[in-house]
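Take a look at this one chain, the form predicted alone, written out in structure tokens.
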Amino acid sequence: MNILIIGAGGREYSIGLALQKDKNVGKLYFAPGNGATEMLGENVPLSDFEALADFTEAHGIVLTIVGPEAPLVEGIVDYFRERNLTVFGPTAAAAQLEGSKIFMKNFLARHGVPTARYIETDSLDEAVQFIATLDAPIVVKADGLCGGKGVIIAQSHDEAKVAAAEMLAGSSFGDAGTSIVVEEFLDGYELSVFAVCDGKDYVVLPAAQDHKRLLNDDQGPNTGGMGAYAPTPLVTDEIYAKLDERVIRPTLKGMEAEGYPFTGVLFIGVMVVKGEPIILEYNVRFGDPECEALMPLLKSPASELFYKAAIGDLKNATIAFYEKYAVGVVMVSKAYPYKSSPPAEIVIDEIHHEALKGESHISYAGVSRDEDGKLYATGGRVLVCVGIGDSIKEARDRAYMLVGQVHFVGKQCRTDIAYQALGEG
């Protein structure tokens, strides 16, 4: 089958890499793709829904996979379905779980899914009154999409009030912050759990852990993600069972009951507090860089997972995962996450280590390619070095060995990805 992947990041590259190894897959297309997805398929410089649907029909594309959240929230799945095209992802109504933090929090409350105590408001006075009832730190979130950066963890009441005021005034996140959520801070450890859903049935992927902050020991500013690993031993069978019973099932039943069955990826941001999973947020697509660590663990054909979910037939899918671990280390540009950096040529040393050749790879994100085929770092998060192994330590060692083979001016990365799982923190 020919497949179109919509997006341009490391997440989409990783999905493409998994599909490229799938004997059921013919040609891959990426819209718009990046400078490296051309190594996996053909880049298509389109973003308009109608033009993408026309291209899909004209090129015999059997399945479209939507990577990023923005086109999902804008209704690309609805449009493709109206054209009788098979597409993986939630409808615009279902994508509100990510598109509106207020919708998401109220949905959790309606269906008894455990979450932090909160208020949603567009009134600064109400926000200030609620802030006074909480202990610091305090979490302040813009309602709409902010590219993963619309959350402020205020260390004091005054800082929380300033954050709320700036969001509501539109000076922090524009229209995305003119309504806000203020909630209590949960103290525990954070996990990323992904369920691929077809409206009724679902497959839970190995739980991952993301590292959001720029610097070692979880210091520095929040970023889009500096690395991830999966599966994490921090999730026990008991926690999986609680997530299944208290979170995933009631969410899918609730979405169906409210008239928008959920298809696609349900990304569950979990905080485990004293052994109890509490939901921080939902997203409606794979996390990045978690996706880069999860795709190599998929043993069964990737096309089966995505296609069966898209057509509502997961009950007849046989999905299996390798009993291995994967660690992804994000390499970012010099000025990330503060500002853009000038393009820098990427040079990769020839790899002679046999285990590294077979058990590691690069997932490219913010890269472009010149006329001579040279790759350049042109984005904040440039690429992810992924290592696979029989243990987390082996996978991490391979990921960092690969990091040592990659060079571009100003490169930076964390050196402690997976430290919690290895008992180093």
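Residues carry their position along the shown sequence, with the first being 1. Note that the structure is predicted; figures quoted are calculated from it, not measured.
Although not depicted, the form predicted in complex with ligand AMP is the subject of the following passage.
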Ligand AMP in the predicted complex has a heavy atom of only one listed residue within 4.5 Å, and of Arg246, Lys334, Lys212, His157 that residue is Lys212
None of Phe185, Tyr307, Tyr240, Phe103 but one has a heavy atom within 4.5 Å of ligand AMP in the predicted complex; the exception is Phe185
Even though the partner isn't displayed, in the predicted complex is Ala116 close enough to ligand AMP, meaning a heavy atom within 4.5 Å?
yes
task = Decide whether Asp78 counts as a contact residue for ligand AMP in the predicted complex under a heavy atom distance cut-off of 4.5 Å.
result = no
I'd like to know whether Asp218 contacts ligand AMP in the predicted complex, with contact meaning heavy atoms within 4.5 angstroms. no
Check your understanding: Can you check whether Glu281 is within 4.5 Å of ligand AMP in the predicted complex, heavy atom basis?
Key -> yes
Only one of 134-142, 230-238, 308-316, 120-128 has residues with a heavy atom within 4.5 Å of ligand AMP in the predicted complex, and that stretch is 134-142
